[in-house]
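Take a look at this single chain in structure tokens; it is the form predicted alone.
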Amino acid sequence: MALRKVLGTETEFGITVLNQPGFNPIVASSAVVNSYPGNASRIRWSFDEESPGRDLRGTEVRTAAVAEPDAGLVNTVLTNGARLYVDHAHPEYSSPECSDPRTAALYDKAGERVMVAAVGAAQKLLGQDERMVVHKNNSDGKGNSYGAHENYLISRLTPFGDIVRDLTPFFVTRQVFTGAGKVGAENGRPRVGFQLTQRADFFEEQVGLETTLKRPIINTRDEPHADASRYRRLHVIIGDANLSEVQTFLKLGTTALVLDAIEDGAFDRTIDITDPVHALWTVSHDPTLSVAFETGDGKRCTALDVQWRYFETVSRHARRIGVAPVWEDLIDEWEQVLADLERDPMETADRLDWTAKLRILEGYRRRDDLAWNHPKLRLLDLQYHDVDPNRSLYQRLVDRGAMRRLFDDAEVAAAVFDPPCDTRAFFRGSCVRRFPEALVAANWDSLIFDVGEESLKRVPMMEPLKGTSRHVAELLEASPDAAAMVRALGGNDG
């Protein structure tokens, strides 16, 4: 049986400061992270157990040491179990570990609220005419792309070749319901007025370890942040940062279900795409969803053809083994969005970012007779992703009821501060809230405390589904301080 999925997101936000000569994105990102006004611990992130150069294919690449600023000054662990820090000159929010796609979508949305609060606080550090602008997008329009990554815990017993074979066609074609939409093309790709995704143009290989150069469809980083003898963490770098709650739910949930089916050997055969990278660009550059690409058997098919094949296999497998109601809802949502896209893509403009954005842009094009390369359209494209709710075009759609939601504002506000209760994020977030003075360092699979003894105490968290409310809530309530909690847990010297 497939492992119970633990999943989450990592989002690098685009940042600039208007009217600031010599703008430095690292300085600006650091100001955002350090200004966050919510409950958090500004502590060192421990890289002792991290291995970004280890490859799922059995090799290891030596990587440079982590720069000192990344190790402490610009790292914050939040009470909801998330991490807020600077990565590649961007403020990044890494969500807490979640056990289902609805919860994961909720904590991804909470990250937007975290960023709004942090940017608002950082704005006070700027000059009178300067304004900090942050976008939840993936491209600056100048040839640079930044990531919106997903993480899924899978069994180490699953052959990596099965993952590549069965997941590649899914990633190539899921763009039809995961894209955030973009005006124009980048990275030397053929000219296009509007495309489905912000990231497809920047992918150049089918399989590889890189995340910033020669980006691969299947990333091979082998860094589980858990018991490496049992788990792999599939680090997914091929996806857009989504604002739509329904779309994030679909992106995370469908991928998790496909991984379950791969682990259980449910795919008798999958579609072999002759040139996956070229097909990736083809799908993204086709808002009509009608252009076909070549398959290994000499036939041609569209992205929707492939997605229907995945839906049939995966939904049949999920219902055969039995799934919780949240996954039943996911399957229904998947079927409906494919049916609507097949009938008319614009029928999904109430739940998909790319079609919602396209509807807005087409309205301006018709009204003002604008060509796709008009600067106004690029500005509108960017404004859709502004995290400031007073400026965001996405938020305007929400405010007038034109974009479906999964959560109300109270749910999102609670997720900003409270961790998920059914993963180890509960223990991490609760310790940040209760014992911030004693917490000196953290990473995903451990916390390190100073409890006044000669040596620091490390509490390992190698099992993502332990450290939950059920496991530790009573212990935390009964512990007057960190020292008492560590003694009860039997913490090791760090």
Partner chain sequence: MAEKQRKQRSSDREGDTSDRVETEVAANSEEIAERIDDLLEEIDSVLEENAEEFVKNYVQKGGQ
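Positions refer to the first chain, counted from 1. Computed from a predicted structure; not experimentally measured.
Beyond the structure shown, there is the form predicted together with its partner chain, which is absent from this document and is the topic of what follows.
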| property | result |
| --- | --- |
| Stretch from 165 to 173, 269 to 277, 376 to 384, 291 to 299 whose residues place a heavy atom within 4.5 Å of its partner chain in the predicted bound form | 376 to 384 |
| Proximity to its partner chain in the predicted bound form, single hit among Gly363, Gly120, Gly265, Gly193 (heavy atom within 4.5 Å) | Gly363 |
| Of His285, Arg102, Arg113, His90, the one that lies within 4.5 Å of its partner chain in the predicted bound form (heavy atoms) | His90 |
| Close approach of Asp227 to its partner chain in the predicted bound form, 4.5 Å, heavy atom | no |
| Contact flag, Trp308 vs its partner chain in the predicted bound form, heavy atom cut 4.5 Å | yes |
| Gln336, heavy atom within 4.5 angstroms of its partner chain in the predicted bound form | yes |
| Its partner chain contact at Arg424 in the predicted bound form, heavy atom, 4.5 Å | no |
| Residues Arg233, Glu411 and Pro419 all lining its partner chain in the predicted bound form, heavy atom within 4.5 Å | no |
| Within 136 to 152, the residues that have a heavy atom no more than 4.5 Å from its partner chain in the predicted bound form | Asn137, Ser139, Asp140, Lys142, Asn144, Ser145, Tyr146, Gly147, His149 |
